[in-house]
Each structure stands twice: as structure tokens, then as C-alpha cells.
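Here you get one chain, nothing else, as C-alpha cells; it is the form predicted alone.
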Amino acid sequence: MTAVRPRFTLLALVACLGLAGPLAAQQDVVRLGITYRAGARPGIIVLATAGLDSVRKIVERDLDYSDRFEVAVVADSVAPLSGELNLGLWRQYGLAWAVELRPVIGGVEARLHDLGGDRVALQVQRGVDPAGSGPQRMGIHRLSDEIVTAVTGDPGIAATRVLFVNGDAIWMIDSDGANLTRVSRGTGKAMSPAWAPDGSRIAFMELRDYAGPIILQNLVTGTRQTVPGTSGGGNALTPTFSPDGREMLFAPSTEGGTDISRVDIQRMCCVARLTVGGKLADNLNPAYSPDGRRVAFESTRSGRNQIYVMDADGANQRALVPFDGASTGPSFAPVWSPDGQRIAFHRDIADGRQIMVFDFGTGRATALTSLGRNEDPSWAPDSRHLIFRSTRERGEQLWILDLESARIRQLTNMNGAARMPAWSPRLTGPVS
């Protein structure tokens, strides 16, 4: 499952218009022009006036990475948009949508043209930085998501970020692979990052002096708090927030074993133990269902790691994804899809460690990967994209998979291993 969808380049069309500048040859390119045939996804083009090249490129990339369009790419050597937009020209070449970007005081105006319906489907003005750099890039990502919503009716995922571990620190990166930033600033080794539901805070374990408490960190102010019940010795593993942000689950690991506990982080009190494994079994990696009523987790109570589920209060614990044959090994790190329909995890199978998805509708688990060693899945807010770490290329990097098209793209390219990714919710508030 390593298909990469080709992007469309306006080469023949540029020649027809007599515009200057050859386009560099690319692999896997379909030349949009006389031979163009519209595919299953609608064709879309992003055009901008002078000075908005950075905004255009970000929106163009966001729409491509949404996996909902075939994006026609205008070469940098082509003159910027000037005068009125020639809608009939783009309609002639099979495109369904055209995005027009023009500067206004303090930002940019975007118009989304429905070429088939001959109408403006969206017209908004947004205060964004034309340079498209730093934290202000998030405003451009939000504009891209508005375009996706106007066309499909579904929210986009451009205005999101990914937390992950590299070395001893937690890092953050935009969903398009830009704006890499170190987040954790403590003296210990940071692990297991998790997002609060509103995207304003993160949690992670910070290992120092042979103990690993959980740290709550505000992404805007940088303030840090230690979660109650996590600093008494041992490691407080795999924190996760409840969907309402009031509580947190974690797995304290001590000499007596590893079990899942719940803590009230709104009042910063009231720790309660939910599983009882003792030295005979470890229970960890909890993941709430989107409605907060159930919890998936990993347990060794059957002898090897399997995926279990229980009520949010710890009742009705039962195996959810049992072994399905001699070639099946242990299963790890379940994560519930935001729509509640599936659980992703990684499993040791005959051809290595692979990303799996359990579907509640069919009751079956299916492997999504087969190349390299693949671990640590995390869902995008749209429930159709997954991020995970993989050894398929240089080192261990993060890759994003679209479950509908099987398209896969590399997100990180860092020295050392990028691991333990956590995809944010849609970010609508202030960003760091």
C-alpha cells in the first residue's frame, strides 16, 4: 500500500496560452491539457495575484494532501494571476473548481468558483500573513479547510499538527510537514505525547531520576503542571485525555506491575485504579472512545499483548481483537477513530510489525501496511488518515496513509528516529 497519486501539471495549457518558462520534468506526472481526462476526484486549481505565491503554494498543498481533489499545479515560472479570472478556460480543460486568491488590507480574499455550476461557492476574507511562515501559517491552513468544507461538506484536516518524539524531546510539526518546533523544555526524557481535546494543552511522560511523572503543558503560555498520582515513583505511561478534557487515563508502572488509572485533571485530584493486573499482567495504552463511554487498552493477561475494551469506569473488561491464527503475534497501542467506527493498532504478523485496523461493523482486523516495520498509529480528525512510524525509507520516520485511496506520504525527515506520533484535533484557537 505505497501508492502515490500523481499531481497534474499545467504544461500543455501553459503552451497554449503562450506563457513563458519551461516546467521541470517530474516523475509520475500527468500533463493537463489536450489529453487530460477527469478522474474520480474533482479537478481544482489555485490561482493567486503577485505577492501571494506562498499562500497559493500552502493552499495548493493542503488541498492535495486532503486526498479529495486532483490538484492542477501552476508552475512558478507562469505569470501570476492578473485581471479577471477566465473561468471558461479552466472549465474547458475539465476542472470542476478554481480558487482565486487576491490581497486585501490585512490579509487575503479567497473565492471558490464552482466551474460546473457557474457560481461562487465561497467568498471570504481572512487575516493571514502573505509570507506564510511561522505560527501564522495556521490561518492559511484554516482557509484551506474552509475550501474543503465548501466542496465536500466535511471539515478538512490542514489546520492540525502532529506531536512526536525525537531524541529526548517532544516535537511538533504542521500537517503538511512544515513548521517543525521543539515543544518540551524539561531536563528529562519526554515520551508518549497526547493532545487535549481543545488543542490548547498537551501531556507527556518526563523521565528523570528513575521516575516518570506526567506533565501537563500549555502550548500558548508554556506553563507546566505535574499530574497528581504520577510523581510517587515509577513511570506514568501512555497518558490520554477524556473527550471532554476533564479526566485523564494513564498507566503507572511500578514493581507491582502496570495498571490503568484515572485522574480528574480539572480539579487535579482523585486518582482511581481501573484495572488489576498485578505482577501477572500489564495493562497500558488506554484510548477513549469518542463518546467517552468505553476504553480500549493493551493487556498481557492472556500471556501475550492483546487489545481489550472496558467501560470507562473499568467494568466489563473483555478481549476485543483476539489472536486469529498461528501467524499472529501480539498487538499493541490501540487508538480509537474519531468517528468511533474503528480501532487502529500495530501487530506482529508473519511479515513483520504492521499497522492494523479493527472495524466494528465487520468485526474483523485488516493489515494496512506491508513494507518495513510499522508502529504507533494515530488518527487524523477525519477518521480516514492515519499517521505512523515506519522503517520503509531512511531511518524511522513518520508517514501518513489515506485509507480510501491507499496514498502514502512521508511527513518527517529527521536525524534519528521519529516515533510516538499524536495527531491533534482541528486547531481553532490561539496557537503557540
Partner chain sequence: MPRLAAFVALALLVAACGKKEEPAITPTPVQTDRPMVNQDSIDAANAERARLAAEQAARDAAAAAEAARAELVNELAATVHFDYDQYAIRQVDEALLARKAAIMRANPNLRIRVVGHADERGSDEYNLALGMRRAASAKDYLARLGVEAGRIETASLGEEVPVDPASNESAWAANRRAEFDVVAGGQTLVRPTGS
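What you see is a predicted model; the values in this text were computed from it and never measured. Residue numbers count along the first chain shown, from 1.
Quick note: we don't show the form predicted together with its partner chain, though the next part is all about it.
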Of these, Thr187, Thr221, Thr254, Thr362, which has a heavy atom no more than 4.5 Å from its partner chain in the model of the complex?
-> Thr254
Checked Leu122, Val227, Leu207, Val148 for heavy atoms within 4.5 Å of its partner chain in the model of the complex; positive is Leu207
When its partner chain is placed as it is in the model of the complex, which of 345 to 353, 151 to 159, 87 to 95, 195 to 203 ends up with heavy atoms within 4.5 Å of it?
-> 345 to 353
Residue contact check: Gly139 to its partner chain in the model of the complex, 4.5 Å heavy atom | no
Contact between Val104 and its partner chain in the model of the complex at 4.5 Å, heavy atoms?
-> no
Non-hydrogen atom contact Leu237 with its partner chain in the model of the complex at 4.5 angstroms | yes
Non-hydrogen atom contact Arg304 with its partner chain in the model of the complex at 4.5 angstroms | yes
Heavy atom contacts to its partner chain in the model of the complex at 4.5 Å, residues of 40 to 54 in sequence order = none
